[in-house]
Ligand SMILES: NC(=O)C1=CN([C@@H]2O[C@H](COP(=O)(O)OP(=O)(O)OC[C@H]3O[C@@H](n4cnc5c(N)ncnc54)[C@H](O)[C@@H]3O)[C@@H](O)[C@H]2O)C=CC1
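In structure tokens, one chain follows: the form predicted alone.
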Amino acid sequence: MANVILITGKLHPEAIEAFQKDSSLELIYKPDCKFDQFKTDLARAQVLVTRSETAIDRHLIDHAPELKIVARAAVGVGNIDLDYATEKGILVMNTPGKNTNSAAELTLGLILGMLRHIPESHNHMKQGGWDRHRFTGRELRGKKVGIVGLGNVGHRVAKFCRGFDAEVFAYDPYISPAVFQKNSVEQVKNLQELARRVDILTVHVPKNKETTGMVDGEVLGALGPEGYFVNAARGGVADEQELLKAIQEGVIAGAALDTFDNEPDPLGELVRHEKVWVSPHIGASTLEAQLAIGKTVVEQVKKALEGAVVDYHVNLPDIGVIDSPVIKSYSTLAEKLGSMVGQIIDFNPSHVRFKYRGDIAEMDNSLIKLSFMKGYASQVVDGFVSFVNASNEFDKLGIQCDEDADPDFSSYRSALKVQITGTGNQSLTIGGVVFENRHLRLTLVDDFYFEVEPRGHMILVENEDKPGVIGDIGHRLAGANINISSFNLARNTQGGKAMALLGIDSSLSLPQLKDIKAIKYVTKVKAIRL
């Protein structure tokens, strides 16, 4: 009996033809249709191939009793309820890296079009005009280009810019310094410094709580009246109202945008401004990228249907089948610790050392290590990170790992400690234990000892050990109508440094975080979600 493949997003014709030629498959091709238009077909589909137009939510999955595989013809999986798909045993896969070059080329196209006024001169000639002097532009050669995010797309943009004899700088707090050296770019320590130093600022980061609104009025002010901003990554990385204001008031020279906060209905004033150059989210819209995505979908779907291991797992439905409850629980803890490190680290890591103590020191800890990698990488790379690609992502970040085992450890039956180091004396230590194979506890952050359940919204606050700081924090949170669910305080020495881990009922906005950071004696504030 043929496997039914339902395709609800546009796919390259060669991919459609390849599916149609396979006699073991029945293809139903309904691109860009609404749910009601393919609901009947969904009821008997074993495979669903989709792009961003279809929401693979609980409602859809419940209408697909035969569904075995969801293939996302792109990188992002934000339109898929991964937890529910995994619960139902549905394999989810994507197609990472297939549009990297296309996105990087579009970034350069936006930069060149903006600097040389190519769209305006094109439109002027189409209307019968001829004015060479009106469209005098600027060269990319010799300009200073700042790249935020030196991942798959960012490092390729760096290569292209160097080919134009531009000077290239980059800010990425999550990768090893060796990656900057490998890509021949100068590392800059923070976003505002990068903006101050460059003529063109381009972002290549995923959209998450750390990056949403990261390009704000302060960053744009640092970029200055001769500076340009480019976003071909994700809408929402820049605060669009702040960006519009900066352009209107001449704070920056202009912006080139391919992605927007509200697609397909972006902020009209921003799109129409004469100092803004735009395209409708076409970073992946090349024949080459779509052909590569289509070929990958065909290849991976056939592999999955044959029972072979696919190359681009997003979830692993069988990952819960682990014999040891100790390893299972410590793997969960390790993923949370990795995620926390990705949210609080203040330097570029180059090395991670795992220290296994007690019972777990005598076991196979590969899943614990992999879980930490997955938690960390999920916070810092673009695209979904699974147990399959986590190690690969760590290699791309240039972070080396090693392990120590201490079976004679006696403070608890088992414990996990992870030391992260950068260049010089930069380091971060984090640790935890699990009681009764189910009660996860964060026990160590640098020199500060706790016993905290790592879950939900949290704030990490480091401060000088002075009277009144705790009260001020509580007052600021109360003023923001945010309830404290737990409060854990530690200090290294009396009158030295103190650290607080607060559980809160909801997330803090960037201005609210800045408000807490402004409290006297506070030296660090980090928002965490686990």
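Predicted, not measured: the structure shown is a model, and the values here were computed from it. Residue numbers run from 1 along the displayed sequence.
Beyond the structure shown, there is the form predicted together with the ligand, which is absent from this document and is the topic of what follows.
- Although the partner is absent here, residue 311 lies well away from the ligand in the model of the complex, with no heavy atom inside 4.5 Å.
- When the ligand is considered in the model of the complex, residue 330 lies well away from it, no heavy atom lying within 4.5 Å.
- Using a 4.5 Å cutoff between non-hydrogen atoms, residue 103 counts as a contact of the ligand in the model of the complex.
- Proximity of residue 233 to the ligand in the model of the complex falls within the 4.5 Å heavy atom cutoff.
- In plain terms, the part of the chain that comes close to the ligand in the model of the complex, with a heavy atom within 4.5 Å, is 146 to 154 out of 340 to 348, 128 to 136, 370 to 378, 146 to 154.
- For the options 222, 85, 284, 253, the residue carrying a heavy atom within 4.5 angstroms of the ligand in the model of the complex is 284.
- Between the options 161, 93, 201, 175, the residue in contact with the ligand in the model of the complex by a heavy atom within 4.5 angstroms is 175.
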